[in-house]
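Before any questions on how it binds or moves, here is one chain, the form predicted alone, in structure tokens.
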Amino acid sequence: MATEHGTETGFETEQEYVETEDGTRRRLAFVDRFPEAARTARICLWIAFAAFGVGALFGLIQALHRTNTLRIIPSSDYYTILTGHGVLLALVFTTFGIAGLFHWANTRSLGVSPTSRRLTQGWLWTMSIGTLLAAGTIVGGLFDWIPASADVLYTFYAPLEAHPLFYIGAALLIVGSWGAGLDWFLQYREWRSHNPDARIPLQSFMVMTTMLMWYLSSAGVAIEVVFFLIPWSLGLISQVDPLLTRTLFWYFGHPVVYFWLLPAYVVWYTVLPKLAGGRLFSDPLARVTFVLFLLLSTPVGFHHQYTDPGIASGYKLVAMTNTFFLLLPSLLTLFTVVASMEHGARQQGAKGYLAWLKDLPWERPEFSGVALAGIMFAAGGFSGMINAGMNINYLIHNTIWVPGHFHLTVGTAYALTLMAIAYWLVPQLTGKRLQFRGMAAIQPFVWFVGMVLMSNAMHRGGLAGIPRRTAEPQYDQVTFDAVVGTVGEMRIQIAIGGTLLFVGAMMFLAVMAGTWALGKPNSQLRVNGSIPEPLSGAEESPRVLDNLKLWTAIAIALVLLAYGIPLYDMVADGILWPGSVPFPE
């Protein structure tokens, strides 16, 4: 039922239409209904896309340098480029992209504008200033005349030391994201005051569940940076415990993967079925999936520390078990999303057990990009099971297999989903038609082929023992024996794949720049921004699923069980001992 403050379901409302002079009804674009929210979402996406462009360039430089195809920088600068690539893409591109997507989703779902313009501006400025500080410090490492650098890689724990401005910038980026979450929870409180008995609209439920997980998990890296790394880099304390800072980082370092992925899940569950021509198969299964991610995402970080000697094997076994439990929500998603797409295809007349796949709208970039991202994520899930297993992980630990895996997750599941949905969403946020649609139609396939080539070669290279995070992985004393193919062929694949990924990134940015600069406002916008109701709605699920306080309390309890005793053991002999001085001094 439509109300002044949205609907009980959060789907299409009468407020989405306006009556024209000739008596016909015209659908309002999001920018017409919520101009301030659209502006904030646009700013977030433009910053994300700018970081994406620079990060993609750094990625191309890495791919060509490592494979000895083309070297335009000295190997000593490779680690600056590697740090910039990781931070700009895994933290800045993701956090700003998620902020833009969630700002749209929460506002659209609730039908309520953000309640505090000052709060919105505050978190946006905080994140932006933090990004400038961190990115500026990283780039400073390329120039001798700039007295600041941060060659600490994306995993910025001790004993590698960065300039204090890098840590301050990282802290501001995270704190700003907390402010964004507060903004969305206040929107929900406003909506709830007018809909006391209604079920939480699905997109808003997903946004809030993701942010609760983010608050819980990002506390670890915030503590690491604010209480240890900033004072350490300023010289206020002489040493810190590397194992403790590693643990606090990885407490955050694996849940951040789900912070990247869950926004893609929002798109897969709520928008992809519509793009396929149908409806979401099950709202209850979507809610169960997000609750499971809230519960299980954080107490798994020790599986990144299987080789760390200061952590008892029992704690690592618990982390391994929890990690495998995370397969359940992923498999639920596979079933629900594929069923939703099949329903859409059959609604359009498709027949056959598998023939319906070819009748999906693959020519539309907003659909093809999201669908291809899901396919690549399935492949990433299989390689992730190898990472999760405590015994078999030793085979691929610190090899190029690992970046091959997470390029399938953040590099495709999140990145390609955001690019694809931008083709559908940006016209709604700007009121302009998408430009260069022919280029847009090709772009997801260029990215997909590039990622298949590069990630495939990285996984095989990892099985051969080729190390990651190395400017020159060629050694006279060591011969890498490929399981399938040759090392030379893998290098060629990585170089070609990395080049195709860069081309795909530039194609996407050209479409976005063209839409922003050349697109003209269109009152008869053709993009249909409505989302149809699911086949199985929220009313068919228990109301306890909406009890976010309960699920958050259980998630905290699971974290305490997984981390309480290990962290106590680490600080029992002194919170800064055994310590390490900064490296390099």
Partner chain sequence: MHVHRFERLWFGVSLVLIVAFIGTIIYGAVGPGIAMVDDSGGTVEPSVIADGNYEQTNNFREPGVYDTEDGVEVYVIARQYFFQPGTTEPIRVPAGEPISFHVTSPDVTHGFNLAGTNVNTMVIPGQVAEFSVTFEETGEHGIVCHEYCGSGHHTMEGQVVVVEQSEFEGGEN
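Residue numbers count along the first chain shown, from 1. Quick caveat, the model's predicted, so the values are computed rather than measured.
As for the form predicted together with its partner chain, it is not shown, yet the points below apply to it.
Contact here is defined as any heavy atom lying within 4.5 Å of its partner chain in the model of the complex, and by that definition each of Leu328, Leu332 and Arg469 is a contact residue. Interface residue remark: His254 is not counted as part of the site for its partner chain in the model of the complex, having no heavy atom within 4.5 Å. At least one heavy atom of Pro309 is located within 4.5 Å of its partner chain in the model of the complex. Its partner chain in the model of the complex comes within 4.5 Å of a heavy atom belonging to Leu243.
Proximity of Asp151 to its partner chain in the model of the complex falls within the 4.5 Å heavy atom cutoff. A single residue from the set Leu509, Met390, Val226, Ala198 has any heavy atom within 4.5 angstroms of its partner chain in the model of the complex; that residue is Met390. Listed residues Ile72, Val478, Val484, Leu234 were compared with its partner chain in the model of the complex; Val478 is the one with a heavy atom within 4.5 Å. Of the candidate stretches 105-113, 234-242, 139-147, 177-185, only 234-242 has residues with heavy atoms within 4.5 Å of its partner chain in the model of the complex. For the partner-free chain shown, Ser536, Glu540, Ser541, Pro542 of 535-569 come within 4.5 angstroms of its partner chain in the model of the complex, judged by any non-hydrogen atom.
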